[in-house]
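To begin, one chain is listed below as structure tokens, in the form predicted on its own.
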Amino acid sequence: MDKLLCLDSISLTYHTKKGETLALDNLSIDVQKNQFISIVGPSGCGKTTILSIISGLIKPSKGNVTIEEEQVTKPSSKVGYMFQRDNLFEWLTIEKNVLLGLEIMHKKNKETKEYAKALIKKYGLEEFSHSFPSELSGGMRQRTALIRTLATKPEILLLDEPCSALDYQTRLLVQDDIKSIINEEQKTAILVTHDISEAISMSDKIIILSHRPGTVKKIVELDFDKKLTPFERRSEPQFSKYFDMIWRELL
């Protein structure tokens, strides 16, 4: 596998009127092309901060971040960010919501519009193109948000707990949906989650962070049949073993 992303000895210190807070300390992570990585850890350990650093929204106090050996110093079109909430605009149709990212990045043209429409069709939303978000289920809204992110053709997808706002049954369906689409589009993904089961069901590798200041405590390589969906993984005998191992590391 080719290395796509490298976080090399990253540290981040927040400065406030009350003093300094070390959020991340000497953290190093390598991500290979087409890998699906999950980051788990105790609350406040800096999981979402790592995504902000990768995306170029926050500059680390120490260390370097590179994508394809190019240093990240500002937000990059190589990175797409999918948030907890779908952040769809209720007054825009599904098609216009999908095209919004292209508009913001000044990439909207005939070619990119056709690509976005092709994604809408490919992933079963064509008949809802002119519907509004309020007319869609929670799962379909998240699929729309993912397609909007993919329409800008990022190399890396950052997923910040994209299923956490959904009920349990919908969450299981959306996890299968997200993983299937990411595999089909051959994207690299980094998921931040509090849900150990979600991380195990979706990932190739799980990075466990320590309590603040966050650093890499343990890396777990997962061994599942590549053909299994996230839901099918949950029935595999090694699933509970991975869960117990990761749970103990988080205590």
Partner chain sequence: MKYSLDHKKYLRKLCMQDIFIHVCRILLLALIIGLWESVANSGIVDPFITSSPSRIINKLSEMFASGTIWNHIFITLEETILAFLFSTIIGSIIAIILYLCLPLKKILEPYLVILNSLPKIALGPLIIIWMGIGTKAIVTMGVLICVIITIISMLNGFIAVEEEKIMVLKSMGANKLQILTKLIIPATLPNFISVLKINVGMAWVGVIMGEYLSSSAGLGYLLVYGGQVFQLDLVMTTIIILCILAGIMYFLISIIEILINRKRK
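Just so you know, these numbers come straight off a predicted model, no measurement behind them. Residue numbers count along the first chain shown, from 1. By rigid core we mean the largest C-alpha set that fits within 1.5 Å across both forms.
The same protein has a further form, the form predicted in complex with its partner chain, not shown here; the description that follows concerns it.
- Relative to its partner chain in the predicted bound form, residues D167, F231 and S235 are all farther than 4.5 Å at every heavy atom.
- Proximity of I120 to its partner chain in the predicted bound form falls outside the 4.5 Å heavy atom cutoff.
- A residue is said to contact a partner when one of its heavy atoms sits within 4.5 Å of a partner heavy atom; V220 fails this definition for its partner chain in the predicted bound form, lying far away.
- Contact check for L88: a heavy atom falls within 4.5 Å of its partner chain in the predicted bound form.
- Taking the partner from elsewhere, H106 is found to have a heavy atom lying within 4.5 Å of its partner chain in the predicted bound form.
- In the predicted bound form, its partner chain lies within 4.5 angstroms of a heavy atom of only one residue of 45-67, namely L57.
- Here K17 counts as shifted, since its C-alpha moves by at least 2 Å between this form and the one not shown after the core is aligned.
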